[in-house]
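Next up: just one chain, as structure tokens, the form predicted alone.
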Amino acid sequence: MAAFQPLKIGITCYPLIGGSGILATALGAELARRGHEVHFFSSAQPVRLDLAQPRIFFHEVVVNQYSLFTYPDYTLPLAVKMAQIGREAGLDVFHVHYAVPHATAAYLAVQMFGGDPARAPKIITTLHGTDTTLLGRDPSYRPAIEHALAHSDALTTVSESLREETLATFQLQQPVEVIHNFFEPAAKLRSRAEVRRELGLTNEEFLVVHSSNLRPLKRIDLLLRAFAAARATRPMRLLILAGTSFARYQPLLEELGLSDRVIVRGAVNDVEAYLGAGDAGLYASESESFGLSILETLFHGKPVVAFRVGGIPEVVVDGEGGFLHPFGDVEAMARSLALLADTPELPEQMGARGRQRAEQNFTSGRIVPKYEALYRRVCAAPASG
């Protein structure tokens, strides 16, 4: 049996709360646990990155505010930092999350290795959604994205849905591989009862939980309308774990008469504790390449009510781990919430089935080896250029 050969992997991601950054950070942590050396590049330390973990390194990219530029440039400082560390650490791979600006920066960094492509790290680009669904349709971005993707050594997407959309959006010669997101629940630090007491909930109240960065595509307006329309005999409350300010939705909250039924928590670190305190998850996105928050909800044994968009059906099986409805059908969503609230055994049964499927398909033990295999396959390919 061949001896284990650790790799040196550079990862670029956005540091903010969001699925791509969370996935990239979790992937790096798992790779380091498996013996690889992992270097993160970003403008700030990713929110869930533990620098005390062995074999994890963070390289901050400083963006200078030159008066020459109307807008600060991030791509070039990122490329320079990646090239510098790539040489000094002898990186094997640049694994970039999002094409803009990360794949472009990786391509520039590799060019800085000059006439020695054999020493340059290979580029693996993982698309998480916005590159394809938004920027890919913008003529001022599309050619640059397409160029960066064409010069990547491997391309992956986090769902089959996103893969199909990517192939339809860009003219690509190389294959696109699907490697789904994964999740590993953390050890429980607070009990369900403790969290519910903190939230001021009674045992009778049915708690619906939503967790996201509240970007427009998360459609918090439809989320609130669906919850307001739910007619259950059991009292219901909605907990929103907000990655950004909820202020813009406050007028709608008051218009719908939900001020005393909705709890908002911002900048929450122990998201899992709150998911464990809930009874169901509610998500109203108009576009979702995968739905990492949905996966987290399933791992905590909670059924999910959501719209049938993007990669969500690859995560949630309708009627098994929750209910999926056509986009915009808030009345159907409301009926599903009421059914869950008024049928005591249903949330537990659906939650158990959803968790079982999540554990079978979306754990680090199942997903991370796919990335390792991809790294080794790409590194073993002859250098071009």
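Don't overthink the numbering: it's just position in the shown sequence, from 1. Keep in mind it's a predicted model, so treat the numbers as computed, not measured.
There is another form of this protein, the form predicted in complex with a small molecule, and it is not shown here; the text below is about that form.
S.K.: Residues S20, R215 and E288 are flagged as a possible site; in the model of the complex, is every one of them within 4.5 Å of the small molecule by some non-hydrogen atom?
M.R.: Yes, because S20, R215 and E288 each have a heavy atom that approaches the small molecule to within 4.5 Å in the model of the complex.
S.K.: Name the residue from G86, G243, G301, G129 that puts a heavy atom within 4.5 Å of the small molecule in the model of the complex.
M.R.: Here the answer is residue option G129.
S.K.: Quick check on this chain: which one of V209, A109, V158, A99 has a heavy atom within 4.5 Å of the small molecule in the model of the complex?
M.R.: After the contact test, the surviving option is V158.
S.K.: Find out whether any non-hydrogen atom of N181 is located within 4.5 angstroms of the small molecule in the model of the complex, and reply yes or no.
M.R.: Judged by the heavy-atom cut-off of 4.5 Å, N181 is in contact with the small molecule in the model of the complex.
S.K.: Wondering, does L292 line up within 4.5 Å of the small molecule in the model of the complex on heavy atoms?
M.R.: Residue-level check for L292: yes, a contact with the small molecule.
S.K.: Among 245 to 253, 121 to 129, 87 to 95, 197 to 205, mark the stretch whose residues have heavy atoms within 4.5 Å of the small molecule in the model of the complex.
M.R.: Flagged stretch: 121 to 129.
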